[in-house]
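Take a look at this single chain, the form predicted alone, given in structure tokens.
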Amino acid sequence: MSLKLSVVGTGYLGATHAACMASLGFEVIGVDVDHAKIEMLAQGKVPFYEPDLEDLLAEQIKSGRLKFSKDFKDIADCDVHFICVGTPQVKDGIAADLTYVNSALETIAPLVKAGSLVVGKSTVPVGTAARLRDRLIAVNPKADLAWNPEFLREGFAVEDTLRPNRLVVGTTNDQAEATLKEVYAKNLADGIPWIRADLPTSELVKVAANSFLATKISFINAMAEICEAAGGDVTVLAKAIGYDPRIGSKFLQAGIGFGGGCLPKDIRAFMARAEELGAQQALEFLKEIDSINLRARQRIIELVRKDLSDDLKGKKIAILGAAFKPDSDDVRDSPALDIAAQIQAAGALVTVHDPKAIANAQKRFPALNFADNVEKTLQDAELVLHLTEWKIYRELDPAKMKSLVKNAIMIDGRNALDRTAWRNAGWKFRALGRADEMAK
């Protein structure tokens, strides 16, 4: 008899996991305290942008395998329960806010049936899983808890769920592992690596991975600063070191740094937890990683002032991109949106475009001006900033864009545009870490 699954929390992670598990043939029910979100998902609509997810969701609802409910009692007959709620940064510090994780566990603990398995997927500080397992067993002695961290990339969430590059499970016994192997049987049949760990290690894997990626991004941005000072080109440097198999080329693109709902808050929560454990010195370097990342944003603003004026009051500036990365409408801790807001606060007349993130950006910074197409955004601009590397921006015709602006000045904050094409079209072109442009 096939396992029946529940997904507790139907945000980005939960909605994706629910739809993908249903597509693997399981009967799945998603529950959430946000009734408006549940109603929207039940109609086959996703309250955020993620490529391919809405079609998959609608398909699975139509199949009858995927349902959503406001009533947590509806999960009582499920065999496996995935906790997929958020763990944002606390408002008065850098630690993770575990309110939603704790609440989810307390809500479902008395409801789940004997022999069922609760599986955490949320990113949590090390030690959380063991505490939650103790609490679950105290309320429901015949249930068990395991941890199965997610490694989703926004823009590739469906692919990463259905075809992950590894599966990590933190368990305390063979039965929990056997249940999870049944859940992921199709992935295992495809040869996906399976890593069984204890609960603390499974929690650490996610934050360690994100910390490593953040370090790599900030490293190349630090090298960009050195290249500017020494007269080098960070794009060539990155290409050269990327051929080294010990280093690799991914995440070596210098620019305005990382953002989103994961990397920034995860490395900060990791530092906070290390201090609680008395191991803060081990992660002291992450403070500098965070600092380098934030400094990249200020360096873009310095370039804007260099090209226009120290006084930006009344200057018309066009910004291409609001999301923290392409193929997403997520503006949480978005470097692009942060830069836009800071430039506007300095008195500039800022217009922002993004293919998918305008609605979310307006909610966060309603005072910013937004345009629904690139042409309106660039009209009479005195300087253009490219801050999110959407494909549509890479495909722009520099000559056509030049006819729209007042001053043909482009600052490529992502080192993603064809600088030769833009220069040949008559643009003054700058990018971080490329000293020949900085000197002009």
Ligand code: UDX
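The numbering used is simple: start at 1 and walk along the sequence shown. Keep in mind it's a predicted model, so treat the numbers as computed, not measured.
Separately, the form predicted in complex with the ligand exists; it is not shown, and the next lines address it.
Only one of 274-282, 366-374, 101-109, 152-160 places residue heavy atoms within 4.5 angstroms of the ligand in the model of the complex, namely 152-160. Note on the partner interface in the model of the complex: the residue among Leu213, Val126, Val205, Leu167 having a heavy atom within 4.5 angstroms of the ligand is Leu213. This chain appears without its partner; in the model of the complex, the one residue of Ile217, Ile267, Ala318, Ile75 with a heavy atom within 4.5 Å of the ligand is Ile217. Taking the partner from elsewhere, Leu252 is found to have a heavy atom lying within 4.5 Å of the ligand in the model of the complex.
With a 4.5 Å cutoff on heavy atoms, Lys37 does not count as touching the ligand in the model of the complex; it lies far away. The closest non-hydrogen atom of Trp147 lies beyond 4.5 Å of the ligand in the model of the complex.
In the model of the complex, Phe258 approaches the ligand with a heavy atom inside 4.5 Å. Candidate site formed by Cys262, Phe324 and Arg414: every one of these residues places a non-hydrogen atom within 4.5 angstroms of the ligand in the model of the complex.
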